[in-house]
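Shown here is one chain on its own, the form predicted on its own, set out as structure tokens.
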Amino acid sequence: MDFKLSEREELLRKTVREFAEREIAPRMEAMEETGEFPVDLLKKMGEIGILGVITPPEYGGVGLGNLARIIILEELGRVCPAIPMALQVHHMATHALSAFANEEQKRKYLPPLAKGETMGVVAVTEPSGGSDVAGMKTSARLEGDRYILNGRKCFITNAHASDIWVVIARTGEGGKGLSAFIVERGFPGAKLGRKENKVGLRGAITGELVFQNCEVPKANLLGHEGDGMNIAIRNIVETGRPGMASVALGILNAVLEQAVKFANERILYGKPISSLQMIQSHLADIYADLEISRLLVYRVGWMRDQNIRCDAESALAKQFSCEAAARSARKAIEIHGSYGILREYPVQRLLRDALVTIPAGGTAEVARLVMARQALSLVK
């Protein structure tokens, strides 16, 4: 197994890091205050391939693959985790369209998403919960040449910054009675609900989508009726969980950098606190969390690029890296002492951002159930 990244992947990392430090870092204070995503950056992101990284070139993307996507999200997350949070959901939409859309749908919807004309949305979660996909209430009934959607989706990332939504709704009974639809923001009956005021990942807009007799052309059915459960689960497993794990990986990079920087600069007892064994112990724990998470997350990216099924590996990467990010951010705050709770120091924001990653894209408890099933299957 070769752990060395290719020259192309190293160049990609350098390009994205420079972009994040040049274009995103100066906007972080505004994002923190307003909670708004800087949509004016979408065009630039499209130009360097960030938006269409897993979209095939024939539909406007660059088709670099899943490991490349992880590197992009990690580097963006090192500077501002809210940005890759928004982008990983955007990628979920492009993945759903690439995997399930017909040729006409791909040519209509993938190019504007890859170019940065708008952001993508995948809407599964409802007020009754997100883990119980089969229990969703949003309904779609066929009337002539269109479906009529009714219901409400909540905790939807990019809701207020997107014109293209992939929506899962009920067309029948049980888990096999779910279908997926491509809904445009301008369709009659499609409305935006409230924006949520989150504690972390402030630049990734989270809000509600409301459907009141929303008219969706029959041609906008994604896949076939009854494919909704498969589309939702595959999207979460193959794109959502690795994406959230990558966001957490970016946070871990930033946490280690901030902790080491402060430990080297803070003088106590006449010398930097980095010379104290207890501080070194905290740094060692953060370093271990970062390196273990990187191995887990990169493995999932590699497996996806090899078309190897990785349900349990994806769940493990997401669960471990997100909890590691929160755990390590707290240790970084301890290294900072009282400075760690001041808004001017990034570690307090990194902790808030890390806490939001834990339930996003699938709860840690559901991830553990996936891993438990895998463990039980290993011994007969």
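The first residue of the sequence shown is number 1, and the count goes up from there. Please read these numbers as outputs of a predicted model, since none were measured by experiment.
Keep in mind that the form predicted together with a small molecule is missing from the display, and what follows is about it.
4.5 Å heavy atom contact, L369 to the small molecule in the model of the complex
Yes, L369 sits close enough to the small molecule in the model of the complex that at least one of its heavy atoms falls within 4.5 Å.
Is V16 close enough to the small molecule in the model of the complex to count, meaning some heavy atom within 4.5 Å?
Heavy-atom contact with the small molecule at 4.5 Å: absent for V16.
Would you please decide whether N220 lies within 4.5 angstroms of the small molecule in the model of the complex, comparing each non-hydrogen atom pair?
No, N220 sits far enough from the small molecule in the model of the complex that none of its heavy atoms falls within 4.5 Å.
Taking heavy atoms only, is E365 within 4.5 angstroms of the small molecule in the model of the complex?
Answer yes; at least one heavy atom of E365 falls within 4.5 Å of the small molecule in the model of the complex.
Within 4.5 Å of the small molecule in the model of the complex, counting heavy atoms only, one of 144-152, 295-303, 84-92, 281-289 shows up; tell me which.
Only one stretch passes the 4.5 Å heavy-atom test: 84-92.
Only one of V124, V183, C80, M119 comes within 4.5 Å of the small molecule in the model of the complex by heavy atoms, so just point that one out.
Flagged contact: V124.
Considering the small molecule in the model of the complex, which of A114, L178, I156, L249 comes within 4.5 Å of it through any heavy atom?
By the 4.5 Å heavy-atom cutoff, the listed residue in contact is I156.
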